[in-house]
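Take a look at this one chain, the form predicted on its own, written out in structure tokens.
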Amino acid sequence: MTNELAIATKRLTKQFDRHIAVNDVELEVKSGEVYGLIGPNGAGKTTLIRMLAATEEPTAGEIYLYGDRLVRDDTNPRLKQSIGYLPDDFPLYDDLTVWDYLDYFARLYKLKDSRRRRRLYDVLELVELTTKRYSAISTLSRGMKQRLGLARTIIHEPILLLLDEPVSGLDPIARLQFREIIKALQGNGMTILISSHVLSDLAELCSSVGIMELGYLVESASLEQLYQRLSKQQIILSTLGDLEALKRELKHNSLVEEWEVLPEGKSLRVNFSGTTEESAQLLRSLVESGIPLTQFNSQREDLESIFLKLGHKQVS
């Protein structure tokens, strides 16, 4: 194993009675990257994360973190302290204040008095809860509670962060705030593995993604590779003239695969297999043919489209 990898698993398997939740998974996550884990409910994401966090014992296989093997005994406490794990049902004690809650966990990690106080101020500033430090947790919004959970997870300065559905149920503004914190943590050199059903967030945050299905890791690649391999270029075309004339011109281009008429009536969504330069050539040829275009908007299919294309019918 190389230290370039923050996470490496070999044939990792977890079986509950007759149900195999994680099946022969070979996962590699590079140090310093944000890796997104996606898949429908029951795909095995949470079980995989729990094994990586050493809260679940594998049935078979091995886990390596930064080149050292992770086991659930007392032989490598320092390795376990390098992990920050935020489950989707993290505990909050409503009768405590924000400060007392974080201070409690900092003491569990045996942070010394002087360092502990400084660390509490640092994480509160990072998650934008400094002004709420003396507020009872029961008075916080859902988004604030999620950020407090993240603060608790990083209080001991881990280098590997495991997040299981951290933005579940958050409104768009709260999700934006959470994304900005994740970006800041990665900027400080932390490796982050995050599972989420909000694929637009993962597309913005992640450099690589893994797709799980029925316990198997069916895809694991950089986003760039996935887009190159599976994301078609789509072009939205609108015309002031006759739509049939536009269709006739498109038939002359071999890189135009198919199109659909949009509800507006004089607009098409075109699947185009060419490069960006070739789409520019298509635009030039249409203009030279006298087609009165009012819109020519080229874009790539997003992560959700790729996910559905791979045969997954829902992200629930």
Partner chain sequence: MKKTENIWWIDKLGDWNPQLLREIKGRLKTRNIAIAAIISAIGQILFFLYYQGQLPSLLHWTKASSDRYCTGFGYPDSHQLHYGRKCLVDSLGQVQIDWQLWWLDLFVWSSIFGIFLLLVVGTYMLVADLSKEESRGTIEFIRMSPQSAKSILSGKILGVPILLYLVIALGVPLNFASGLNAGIPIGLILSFYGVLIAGCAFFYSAALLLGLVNFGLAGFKPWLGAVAVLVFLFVMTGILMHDSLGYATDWLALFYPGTGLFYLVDAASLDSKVGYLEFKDLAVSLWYGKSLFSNSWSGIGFILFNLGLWTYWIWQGLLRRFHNPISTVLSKQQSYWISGSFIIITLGFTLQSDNRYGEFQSLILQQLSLLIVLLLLTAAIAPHRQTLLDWARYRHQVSPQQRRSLLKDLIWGEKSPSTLALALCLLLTTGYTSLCLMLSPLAKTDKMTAFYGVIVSATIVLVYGAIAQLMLFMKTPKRAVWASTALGALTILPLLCLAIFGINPNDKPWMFLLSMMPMLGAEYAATQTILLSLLGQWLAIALVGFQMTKQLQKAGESETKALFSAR
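Residue numbers count along the first chain shown, from 1. In this text, rigid core is short for the largest set of C-alphas that superpose within 1.5 Å between two forms. Here the structure is a predicted model, which means the values were calculated and not measured.
Keep in mind the form predicted in complex with its partner chain is missing from the figure; the text below concerns it.
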property	result
The single option of Ser298, Ser305, Gln15, Gln295 touching its partner chain in the predicted bound form, heavy atom within 4.5 Å	Gln15
In the predicted bound form, the residue from Leu108, Ile173, Ala184, Leu240 that sits within 4.5 Å of its partner chain by heavy atoms	Leu108
Among 220 to 228, 82 to 90, 163 to 171, 201 to 209, the region lying within 4.5 Å of its partner chain in the predicted bound form by heavy atom distance	82 to 90
Its partner chain in the predicted bound form reached by all of Lys132, Ile155 and Gly189, non-hydrogen atom within 4.5 Å	no
Residue contact check: Glu128 to its partner chain in the predicted bound form, 4.5 Å heavy atom	no
Heavy atom of Asp122 within 4.5 Å of its partner chain in the predicted bound form	no
Distance check, Asp100 to its partner chain in the predicted bound form, heavy atom within 4.5 Å	yes
Exercise: His197 in contact with its partner chain in the predicted bound form, heavy atom 4.5 Å	no
Contact set, 20 to 53 vs its partner chain in the predicted bound form - heavy atom within 4.5 angstroms	Ile20, Asn23, Asp24, Arg50, Ala53
Cα displacement of Ala221 between this form and the one not shown reaching 2 Å, rigid core superposed	no
Rigid-core frame, C-alpha of Arg116, shift of 2 angstroms or more between this form and the one not shown	yes
